[in-house]
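Have a look below at one chain only, the form predicted alone, in structure tokens format.
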């Protein structure tokens, strides 16, 4: 009998988190293990509508508006995920720690407000493990240049991403037992194996 954990992939732009979350989904499918995968912002139909607003290059929201839009999208996802919670493996590409890293450490939004909103939305929904993908400035910019389309959050200055990644590392340090740092500057195949080996221990 497989356990059904909630697995999160975090990281700044170009860190490889989406690649590895997709790879995990392929692994679970091959093993015939039930799972659901979504991204934030986005995920379910209503959340994807909100994603388009947040990331649109023509959007210029105040940082508090951004926060509330992210939270609205998350609420729509949690309503949907409650049906699968502990029944399927849940993979989420960015989640609550992204909001803390970007909105608090990156943009300076009051941390207590973010935490209260997350608690209000999540209630008993718990994260089991998080993979934090880190990347250096050179590789981040190199990977962003390969993207066909860049959204609003792909275009901040390097100093912003540096603050966000340092914020992530602070979060990881506080939650070391449930966090694994993946250095995406290293060989991608090595990292894939590292993640899958950890997942095998989590789901057994």
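Numbering follows the first chain given and starts at 1. Treat the numbers as computed from the prediction; the structure is a model and nothing was measured.
The protein also exists as the form predicted in complex with a small molecule; that form is not presented, and the subsequent description refers to it.
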{"item": "Interface membership of residue 51, the small molecule in the predicted bound form, 4.5 Å heavy atom rule", "value": "yes"}
{"item": "4.5 angstroms heavy atom contact with the small molecule in the predicted bound form for residue 153", "value": "yes"}
{"item": "4.5 Å heavy atom contact, residue 20 to the small molecule in the predicted bound form", "value": "no"}
{"item": "Partner proximity in the predicted bound form: residue 41 to the small molecule, non-hydrogen atom cutoff 4.5 Å", "value": "yes"}
{"item": "The small molecule: the contacting residue among 178, 142, 26, 147 in the predicted bound form [heavy atom, 4.5 Å]", "value": "147"}
{"item": "Heavy atom within 4.5 Å of the small molecule in the predicted bound form - residue from 36, 33, 55, 171", "value": "55"}
